[in-house]
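Only one chain is shown below, in structure tokens, and it's the form predicted alone.
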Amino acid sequence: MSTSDHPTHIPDHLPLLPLKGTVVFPSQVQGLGVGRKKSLRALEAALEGDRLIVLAAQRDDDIEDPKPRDIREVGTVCRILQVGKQPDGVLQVIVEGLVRAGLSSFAKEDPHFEVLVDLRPDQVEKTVEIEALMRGVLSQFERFARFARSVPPDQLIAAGQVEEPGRLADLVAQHISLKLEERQELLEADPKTRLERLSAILTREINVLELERKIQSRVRKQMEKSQREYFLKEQMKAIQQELGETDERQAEVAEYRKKIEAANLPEHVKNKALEELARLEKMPPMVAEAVVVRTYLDWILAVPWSVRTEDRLGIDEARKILDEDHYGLEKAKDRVIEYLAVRKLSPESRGPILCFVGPPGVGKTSVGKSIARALGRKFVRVSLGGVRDEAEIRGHRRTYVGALPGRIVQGMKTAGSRNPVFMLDEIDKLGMDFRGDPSAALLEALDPEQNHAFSDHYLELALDLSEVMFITTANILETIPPALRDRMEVIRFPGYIEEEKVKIAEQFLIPKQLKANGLKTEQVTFTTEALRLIAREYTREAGVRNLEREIGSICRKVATAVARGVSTGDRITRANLHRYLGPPKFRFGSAEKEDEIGVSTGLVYTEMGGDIIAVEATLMRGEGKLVLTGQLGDVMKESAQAAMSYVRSRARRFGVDEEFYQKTDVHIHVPAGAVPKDGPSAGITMATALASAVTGRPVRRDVAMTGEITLRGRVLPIGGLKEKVLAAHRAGLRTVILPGENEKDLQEIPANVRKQIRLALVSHMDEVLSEALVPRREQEVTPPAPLAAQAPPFVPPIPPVPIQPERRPTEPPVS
């Protein structure tokens, strides 16, 4: 048994001094500041007696006048060693802890606390387990003392000489920074529990101190590195001053650093910029590499990494802007309105990749500008026509002399925001050679799943393009690689019909040209008939560029007359149009003046829009040869051969000799022989011309047709339906024969055109001939002489009931 030594004359009743925020252990010498009146009176009572007092901690430090319930049940009996008074009236007291004591009861509360104490000296048998705990705590305390450096060496020696477990625990606890609750737990615990608790606390403190030492070591190394760099820089500055060099480099570096800090760059971009700036700072001022680094930093600062414009999400206002800028083009406008609606409901939605496909001059590029104006975004246009080098898109590596970023990064710099409307013009005219494939370089930029981290070879930093609204334009879709085409949403821009061209001229082109040529509205006026004649006989296009040029030519002539003072203006009519533009430049296909044998009217679709062609077939005595002229492509030649086979297979039904071809040469010609032609859609037109030539029955002059033919006489669907029907309408034709499978495309045809033209949907060649050939009883022209004698009466097939499209109210018919 071991008992801590303490005075044996400790009385049962002692004055009590409540403590704030601290606990005094036995054998601990502690300084206290005493200022509360009740505490001062307790101190005076202790000094008048045997200088013994009980110190116990308050439960709550915020209570200034504690009650018995606010004081913990276990404290320490202490001897007052010294008392001193400070200038502010607070007594500075030094006490020494003697023994633990429980507060049995409060004898009195006024004028100070006096309690009945229950002494609790440490009494524990020093077993092997206790010995092991003491050694472990002592070892940990020594390690703690090496890290903390706050334990005096004499205290460390004293701890090694202590034999009692409780006293060792109290001695160690005095030198550890503990919370109040932890100190009170140690005060109330028995020696064994105290040692176990201290072991855990020491382990925690040692880990914290080790981590703190590592952190301090790392910080010290960084500070030493910074100080070393500062010292070297100062040396370099002194050397430069001795050599007569100015400190322009430092000013330049400081300016770059200021710009980088103010640019709000993403973290990875900022780190790269600072890294390059550090390289620049270490370089001699005249080396070529310094110029490369400066250019690179300028580009990093010029790219809008974090700058964006706010979208204008008013749907009605956007629609109004689009209608103000363009007439028609409903599909493109609807797609922009849909994007605005989605953006309004889901602000995090990605920008679409649109592809405007259509003939030149129909407004693809200008629609892109209107979209940017409607959205309130910046607009940037990059022309890709003739681009053959992949580096034009992705940029050059910085190792090359004169390296620059690609056109996408250059466009983003021009836009000055990260969410512009970015137009890639003429994407169908990209080239490919030994320098790479530019279209493949566009795959990443035009893929919504990848373009959030677009990589340019020059910058070598991930650039977020997910908020960019990409719009590409093309005249034809077939030359765009399939992988690139698959990433884009295609919106087709058909050619304008005459009525649309007239409306566009009245609303947009004429005001624009009047302003450009300094004329007033009352000085030049155009009649509707004059505008229609310009579009029909002085231009040959699907768009309106040439129409604008012709209107501009008229305005310049009027402006010349006004400037000379010989005229005050003019009214442009159908009668005086030739004075300004001369004779007509083009002859649009028009209907035949009379029904003719062997001549059928077909419909074609080109980049300029739709047009009509005449297919001529004639029979000559010969050896059964088939002659094809008119610069026909392979597909069109095969269509002619299929038409010939069909006519031969139906000779008996046509009422002609089945062996006629053995003594007859057939010549099929498609006029405009200097223009290459190809495609399968002229199949039924050739078959009709052949059937007319063989049977001697004329083809109706007001009927046009288009469709692919098979050997069995089936009529297959074709493309470009709208443009072909518009060409027939423009030429004054009244019936158009179309494949039945194209019925789904009839909705694209304007309502006024569908009202003025009968659209006959057919599925077999017999139906075509029934619609196109004049019945024998109506013939006014006799068959050719070589076949007339052999032709028995021809019984035409029962004509089918043509499928009529939906009738809708429309504009007045075009004259």
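Remember, it's a predicted structure, so these values are computed and weren't measured experimentally. When you see a residue number, it is the position in the sequence shown, counting from 1.
From this point on, the text means the form predicted in complex with adenosine-5'-diphosphate, which you will not see here.
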property: Interface segment, criterion being heavy atoms within 4.5 Å of adenosine-5'-diphosphate in the predicted bound form, picked from 460-468, 291-299, 222-230, 353-361; result: 353-361
property: Of Trp305, Phe508, Tyr339, Phe144, the one that lies within 4.5 Å of adenosine-5'-diphosphate in the predicted bound form (heavy atoms); result: Phe508
property: One residue of Glu548, Asp311, Glu164, Asp428 in contact with adenosine-5'-diphosphate, assessed in the predicted bound form (non-hydrogen atom, 4.5 angstroms); result: Glu548
property: Any non-hydrogen atom of Tyr496 within 4.5 angstroms of adenosine-5'-diphosphate in the predicted bound form; result: yes
property: Non-hydrogen atom contact Met412 with adenosine-5'-diphosphate in the predicted bound form at 4.5 angstroms; result: no
property: Distance check, Thr365 to adenosine-5'-diphosphate in the predicted bound form, heavy atom within 4.5 Å; result: yes
property: adenosine-5'-diphosphate contact at Leu329 in the predicted bound form, heavy atom, 4.5 Å; result: yes
